[in-house]
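Heads up, the chain below is alone and in the form predicted on its own; it's given as structure tokens.
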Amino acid sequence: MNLKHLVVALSVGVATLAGGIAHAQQDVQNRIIRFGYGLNEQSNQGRAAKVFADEVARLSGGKMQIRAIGAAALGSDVQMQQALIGGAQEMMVGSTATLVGITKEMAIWDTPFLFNNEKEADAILDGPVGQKVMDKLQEKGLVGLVYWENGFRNLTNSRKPVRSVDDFAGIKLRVMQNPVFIETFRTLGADAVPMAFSELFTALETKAVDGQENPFNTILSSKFYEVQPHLAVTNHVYSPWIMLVSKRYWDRLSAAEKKVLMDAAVKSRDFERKDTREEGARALAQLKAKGMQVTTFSPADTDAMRSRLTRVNASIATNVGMDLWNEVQGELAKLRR
């Protein structure tokens, strides 16, 4: 092919591509989509929400606009989930743990010590099992797009250092509004108090509760170090977030609009996980610098905590169904081989 023919071929290719994009965007309407999240704008959640919004605008040629609203201004995760189901709100990102009352299979992600590392979590959540669990939401009026990462959860409190499972005793601990979390921490000996995240800082400040458990990033971005002197590195649960769309809203979208949201969601997921992991490594050092007293569990103490939670795991397996439990355990066994 000579140069002239190459230029012509490239021109035709560019024109075809541009025509295809233009044709796809003909099926995209002007839409403003409210996207709620719980943390503040400066958090990993806030940064990823901005990436999502920017990508939706880019892919839709500016026709679809994400109005990202953080700091639980649209309500708690539970309140936003109900707003999506009812069609009063379009999108959100929040914890999978607060979905357990809607879709029982979501409790599989609350299993203590389910994942050994982020690589295992990514493989399971982004694979067939993760999709199968996500698809269950559609029966309840929600559409799951992707899983983001909240991260491995750790314990803070204002009463005492926690170095072993016996130290949980006597701590009034805020937990998510989720039966698995309530049972887990009561089994470990804490006084578990279910509470919305939006109420948590004030509860810690006023000593209505002694402690809470969240990943390092959230402890830092929510400034819990101001009212919580003790941090125990327990890594007791890997906690995913999930991006949700109201099914009532989703069903009104064209195929092109759905593709815009899904493609942007995948980009935001990849950004959010990388950002969260990089920040998590820095966050622990910053929490120490801000005066938190950090304790760690020995392998023997971690094993003791795992052993005490055997009954909780059996209860989760029963509640989510043994087929799902065995499928997840089988996939993890393959990864670990």
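From 1 onward, residues are counted along the sequence shown. Keep in mind the model is a prediction, meaning the values are calculated, not measured.
Another form, the form predicted together with a small molecule, is not on view; read the next lines as being about it.
Exactly one of the stretches 281 to 289, 36 to 44, 55 to 63, 306 to 314 approaches the small molecule in the predicted complex with heavy atoms within 4.5 Å, and it is 36 to 44. Candidate site formed by 111, 152 and 235: none of these residues places a non-hydrogen atom within 4.5 angstroms of the small molecule in the predicted complex.
Taking the partner from elsewhere, residue 249 is found to have every heavy atom lying beyond 4.5 Å of the small molecule in the predicted complex.
Interface membership of residue 197, defined by any non-hydrogen atom within 4.5 Å of the small molecule in the predicted complex, is confirmed. Within this chain, residue 241 lines the site of the small molecule in the predicted complex, having a heavy atom no more than 4.5 Å away. Interface membership of residue 214, defined by any non-hydrogen atom within 4.5 Å of the small molecule in the predicted complex, is confirmed. Contact annotation: of the candidates 157, 95, 89, 184, the single residue with a non-hydrogen atom within 4.5 angstroms of the small molecule in the predicted complex is 95. Screening 231, 176, 124, 134 for any heavy atom within 4.5 Å of the small molecule in the predicted complex leaves a single hit, 176.
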